[in-house]
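We give structure tokens for two forms of one protein chain below, kept apart as structure 1 and structure 2.
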Structure 1
Amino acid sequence: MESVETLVAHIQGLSGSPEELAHLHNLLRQADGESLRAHSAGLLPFLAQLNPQAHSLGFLYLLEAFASSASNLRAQGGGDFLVTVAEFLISCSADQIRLAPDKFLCACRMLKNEVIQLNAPIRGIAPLRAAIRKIQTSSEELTPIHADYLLLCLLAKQYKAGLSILEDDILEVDQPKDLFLYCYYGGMIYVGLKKFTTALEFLHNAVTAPMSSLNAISVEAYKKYILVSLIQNGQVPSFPKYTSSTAQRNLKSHAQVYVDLASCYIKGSYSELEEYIQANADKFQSDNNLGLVKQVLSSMYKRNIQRLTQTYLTLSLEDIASSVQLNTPKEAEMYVLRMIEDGEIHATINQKDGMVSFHEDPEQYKSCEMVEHIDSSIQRLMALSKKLTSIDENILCDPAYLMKTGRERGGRFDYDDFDSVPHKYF
């Protein structure tokens, strides 16, 4: 191997045109490995001679080689080196780092692990968010960095920061584990924001995604899916038919205490549900789900109040408190007011006699805001439908797909097999 000084000189002189970068990449690959790692302890001063933006590819190789040694990281103690890594991820050239995506991923993982070890996950949020946009070829692509970024948002309790990537439509997935973690962490972030409807969508995807064998992520997602379903809808829906047979056969047995909780919830008895939760508190605590379980218990009051709106037009606060097992009419008033504010029921309270009048939903779907909302939803669905049609066409013409379907039919292809293939491919 050439000396590190010579390699740095190559990096400084060959980071311009695509042809120069290709030549530089060959030199870096030749130097990579044991030979470069043998000098890893002395690489930090050379990083100072490089510009993270102009010399991104070479900077990345030296950075990864230095960070590959645990002793180097311990010696730095999360000081200036961590700042160097963060600044690199924010300022690096996307075109250059995409030439070495595995090393870029290692740099991102190293930063994530270090900030977690320092108990300062917030320090990694901005750099990893920038890293995702650098490595993505489009906003529809799911990267391995997505899950790491969302984990840091969760640990730092910066839930809104996670929305910057969760609001993208993901249509390109490489590794199944990345999808499971993305959906699981995404669901947890929306739970933290009390956006239970969207949380259910993410957890639902983690539970129903194709799988050949059960994995721990889907099991944990299913536990939270049960709890959030009870909080939001008061019941847990059955598995849709597109759920893998593996999930349908095994998930419930791995989350039996949660399945039994849902059965107890449906009975509508607050005291019975409370007793069940107390009996299994240790299990819920070990799963880090006790906070959600307590929200399930609290939602029982709301669910029972909603049931009353289906039976009565007017009811006193005292009768509401008695029916849903609240201690006082004042508590009942607090719950009713909160549900009115959240749009969960439509009612008015007469303060003079303590009577509650329940009303129909006043929304007539005629306002400008509602029309705009419906129109934007239609436009988004049309764009999604167009994208799915394009994906379906590409799958139908994929050689691997055609070979698989051909083998399943004993190697025969019928003319009918090609009826759905668009004519533009012929």
Structure 2
Amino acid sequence: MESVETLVAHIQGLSGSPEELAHLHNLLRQADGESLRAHSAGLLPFLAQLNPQAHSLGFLYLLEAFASSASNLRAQGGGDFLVTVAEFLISCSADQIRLAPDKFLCACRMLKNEVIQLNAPIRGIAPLRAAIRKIQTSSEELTPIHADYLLLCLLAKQYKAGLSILEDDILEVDQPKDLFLYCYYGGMIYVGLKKFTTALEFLHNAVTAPMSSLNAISVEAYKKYILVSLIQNGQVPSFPKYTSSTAQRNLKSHAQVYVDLASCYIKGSYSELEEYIQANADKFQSDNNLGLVKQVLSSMYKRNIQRLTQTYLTLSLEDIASSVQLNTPKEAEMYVLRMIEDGEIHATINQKDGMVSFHEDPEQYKSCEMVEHIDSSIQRLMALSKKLTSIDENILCDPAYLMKTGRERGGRFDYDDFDSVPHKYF
């Protein structure tokens, strides 16, 4: 049995070329398990002898062995140790750690748990972001770290930090649970930023992802999906037909309070909605959705005011207040003002006689920015449709697909299929 010292020496000596690394990886794998774990408590000083960037693989093995014991973490964890881990995650070499992705994920998860336990989630954000970039082979790949990272962003209320990875389009997924969590947390981050359309997209993905049995994440996502739909569109669309039958059958019964809320909302009576929300406040509270529910309530005013802009050119604040069931013209003024500031309506308030004049959308689609915006949309869509075409071609060439379609035709080909030359040429 080799001592830890010789192992460290090997690590220092064999971290150069890929061949050496492969050899080292074998050695480490042998050493891992009993021998390394036995000494796990004393591994911390050796870490200091290694350079996280040059000896990433060895460093990772020792780190993981050390962290695998909970008592070690309790004794040595906190302050300095976390700094060591964070530095390692930021500076490690991507090529080396990809040799042992499992170990790397363990290390990341350990860091996440530690910072949450220390109640300092913000400390984990930068290292984990670096870690995601290191372990990803392409920006389309979803790693298990994504969900952890987003969770930390949520806990630290650093929503903007989450955007850096949410803006990548995810297509490759390894574990379905990662995807559900990613969509759920992602939706929450966008809700936090009040970007409700994007939030809807994420939650929509969580609800409509294929599933053969119901899971708690999608139920929670569906609840939020209902609320955000109401805030954004004033109604909840029915399930699209590609939603798995499990979700279509079961989700509504698990979110009955929310479904009822939606039907109450559609009736358009503010007082009725308020009453309903108050009656069920504890249920919303226990789901941690009360804040969103309150936003749903106030969105009803906004929706009604928006409807007025379609009907009137000018309207007094009093009439606005009475037609959207606000108590005083002053309140109506506040709502209108806020909506003008948010760009949700185009209007001016004349304070002298208390009149609001509504305008048409001033956007004329003539400005350079608009043209650029349209152009970028076109480019994006063209790229997307190219991708679709290539995927379509791939499927058409897929042997399994051909087998299946061939079988559906009865497994036989008609004579006409082979006879491509018309008879008249003979």
Partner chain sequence: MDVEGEVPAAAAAAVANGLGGAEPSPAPICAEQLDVEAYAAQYTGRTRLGRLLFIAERCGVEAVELEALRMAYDEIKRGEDTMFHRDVALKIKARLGPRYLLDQAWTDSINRRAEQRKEKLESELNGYRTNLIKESIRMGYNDIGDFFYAHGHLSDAFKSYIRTRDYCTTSKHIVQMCMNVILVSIELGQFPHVSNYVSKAEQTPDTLEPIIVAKLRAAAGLAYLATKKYKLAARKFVETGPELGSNYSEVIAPQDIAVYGALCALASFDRSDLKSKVIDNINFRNFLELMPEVRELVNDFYSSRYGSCLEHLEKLKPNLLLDIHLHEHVETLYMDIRHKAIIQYTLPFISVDLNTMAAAFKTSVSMLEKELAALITENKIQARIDSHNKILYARHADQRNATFQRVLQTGNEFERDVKSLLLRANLIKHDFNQRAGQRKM
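Counting starts at 1 with the first residue of structure 1 and goes up one by one along its sequence. Values in this document were obtained by computation on a predicted structure and should not be read as measured data. Throughout, rigid core stands for the largest set of C-alpha atoms superposing within 1.5 Å between the two forms.
Structure 2, not structure 1, represents the form predicted together with the partner chain.
For the conformational change between structures 1 and 2, the C-alpha atoms of residue 31 and residue 207 are both best fitted by the same rigid part's superposition. Rigid-body rotation of the smaller part against the larger part between structures 1 and 2 amounts to 11 degrees, from C-alpha fits.
Once the core of the two forms is superposed, the Cα of residue 353 has moved 2.4 Å between structures 1 and 2.
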